[in-house]
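This document opens with one chain alone, in structure tokens, the form predicted on its own.
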């Protein structure tokens, strides 16, 4: 199986490398020649754009891009997948985008005999590097089954969720939960400090009970150490929550907790913290209370 990969950023680059390690024939494209050269040295081939990847005989094109407009451009625009002029191929869009847009792009691709699966990921850069991402997939079940080995080369958990758009619904649900979870962890630890109790000891006391979570164990130690180096940037979480709000409003559903976390993250952006990790939410509470939980 020959795979074209578009989007060699923080996440896409290690994902593409894991496909090469798994023995797949990979063709990559990017604006940075040095990155193409790096992949050629690993055994991949380079391409000018997605259309060129298709013309080089790729059976599947994987996209890992910032948002809906970029996915639409790479699939339907100039130099895109459709321009490659080959029906019967499949696009695995592993970007996190609006599920409504996934459905629209899929409908346009179908006119050219091209199928789309929406397969967003969760886990951040560390899990992209070690190949243990979580994938949530939407589209035709038989196509999901066909490309499951491809997805498993990049992930330890791959779950079929339903028809096209369902993968991004699951990803947005994930981001809604993560945002609210980080927010309440930050609030609770700030409460502990302001009440005169050591927030690290409170974290240790509650992490093994019902309040414990993967999010708490990943983010509470970062908050306590004052580490805001990005694993997942605030500006990317804002993008996901924007898509979540748009998708929720499209089905007339109120999502007040998601909306609140969007406002919290907008406050962080207003303080120039959009490139910080989303554990930076703790600074929102620090500014409100004048109390910092970061250990000296």
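Treat the numbers as computed from the prediction; the structure is a model and nothing was measured. Residue numbers count along the first chain shown, from 1.
Unshown form predicted in complex with another copy of the chain; subsequent notes refer to it.
Candidate from 112, 132, 181, 143 lying within 4.5 Å of another copy of the chain in the predicted complex - any heavy atom: Checked against the cut-off, the match is 181.
Identify which of 190, 90, 75, 106 has a heavy atom within 4.5 Å of another copy of the chain in the predicted complex; exactly one of them does. Comparing distances to another copy of the chain in the predicted complex, the residue within 4.5 Å is 190.
Can you tell me which of 240-248, 53-61, 265-273, 28-36 lies within 4.5 Å of another copy of the chain in the predicted complex, counting heavy atoms only? In short, 240-248.
Indicate whether residue 43 is a 4.5 Å heavy atom neighbour of another copy of the chain in the predicted complex. Residue-level check for residue 43: no, no contact with another copy of the chain.
Given that the partner is absent here, does residue 169 sit within 4.5 Å of another copy of the chain in the predicted complex, heavy atoms only? Residue 169: contacts another copy of the chain in the predicted complex.
Another copy of the chain contact in the predicted complex: residue 197, any heavy atom under 4.5 Å: Contact check for residue 197: yes, within 4.5 Å of another copy of the chain in the predicted complex.
Do residue 292 and another copy of the chain come within 4.5 Å of each other in the predicted complex, heavy atoms counted? Residue 292: no, not in contact with another copy of the chain in the predicted complex.
Sequence-ordered residues of 262-287 touching another copy of the chain in the predicted complex, heavy atom within 4.5 Å: Those in contact are 278, 284, 285.
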